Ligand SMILES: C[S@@+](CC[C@H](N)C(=O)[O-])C[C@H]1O[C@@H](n2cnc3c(N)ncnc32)[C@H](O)[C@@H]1O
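Below sits a lone chain in structure tokens, taken as the form predicted alone.
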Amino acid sequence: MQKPDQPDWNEMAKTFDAWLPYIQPLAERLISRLDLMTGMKVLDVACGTGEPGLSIARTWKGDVDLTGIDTAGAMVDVCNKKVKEEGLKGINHLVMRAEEIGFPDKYFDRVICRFGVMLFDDPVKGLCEMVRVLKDGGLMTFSVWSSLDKIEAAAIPFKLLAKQFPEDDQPPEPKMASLGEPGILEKLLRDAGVRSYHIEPIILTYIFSNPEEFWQLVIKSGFSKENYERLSQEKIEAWHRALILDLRGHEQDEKVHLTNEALVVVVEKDGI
């Protein structure tokens, strides 16, 4: 089996915000499960360009102490720029690996992570670290994508892209779906020593005015860029045509609807 595809997150920092409107409902679901209260210390792991931590900071206006961490320095730079521009209080962002969180045991009241765990170099170690810095009685919420076949916004362009390569040079599946197959997430939680948890699915429906709008987002955001840059212009154009044609089958009321399943996990530290 080929190693899952992993993008250059420093490069992705330039365009990642293009996806934020589509995944914001997931951030809101994660936040709603945290049961936040004034004075809490919150850790946002793999914060990317700032969410869901920025949403928490905007709502609580300095009444919670929030730290965001990410391995990509360019992502952290984007976060800090947003904090400065918006004048947000009580939020700080640091370059830090999830597998080596530089805070003491039981330091945070809450931990949150949107679409990060499945991208860790070592998901078990990263999850163990997230649990380690969580106080007894604390809550942690995180999300991962389901299996690739349940993520239309990724599966459709990826599978059509793969057809442009010869059978002996197929691109690896996106790592974003690496924890989505049945049983994998549960095993990860057990391996990390987590016993008290709840997993719930959430459907994110992406709606686009037309197929071309989705194509532009795919290209703009660098989706599988390291793969399609290996193709000739002729092959890229063929991929484009195939994608536009396929998306016609996903039109409702003259708009493109793509359904994507994510898994939300709520962990209670008391059960560990």
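Note that residue numbering follows the sequence shown and begins at 1. Since the model is a prediction, treat every value here as computed from it, not as a measurement.
Heads up, the form predicted in complex with this ligand isn't pictured, but that's what we're talking about next.
J.: Would residue 158 count as a contact of this ligand in the model of the complex, using a 4.5 angstroms cut-off between non-hydrogen atoms?
T.: The answer is no: residue 158 has no heavy atom within 4.5 Å of this ligand.
J.: Closest heavy atom of residue 114 to this ligand in the model of the complex, within 4.5 Å or not?
T.: It does: once this ligand is placed as it appears in the model of the complex, residue 114 has a heavy atom within 4.5 Å of it.
J.: Closest heavy atom of residue 22 to this ligand in the model of the complex, within 4.5 Å or not?
T.: No, residue 22 is distant from the partner.
J.: Can you work out whether residue 119 and this ligand are in contact in the model of the complex, taking contact to mean some heavy atom pair no more than 4.5 Å apart?
T.: Output for residue 119 is yes: heavy atoms within 4.5 Å of this ligand.
J.: Judged by heavy atoms and a 4.5 Å cut-off, are 9, 16 and 96 together in contact with this ligand in the model of the complex?
T.: So, yes: the whole triplet contacts this ligand.
J.: I need to confirm a contact call. Of 178, 71, 141, 164, which residue comes within 4.5 Å of this ligand in the model of the complex, counting heavy atoms only?
T.: The residue from 178, 71, 141, 164 that makes the contact is 71.
J.: Where, among 222-230, 237-245, 58-66, 44-52, do residues come within 4.5 Å of this ligand in the model of the complex by heavy atom distance?
T.: Of the options, only 44-52 has residues within 4.5 Å of the partner.
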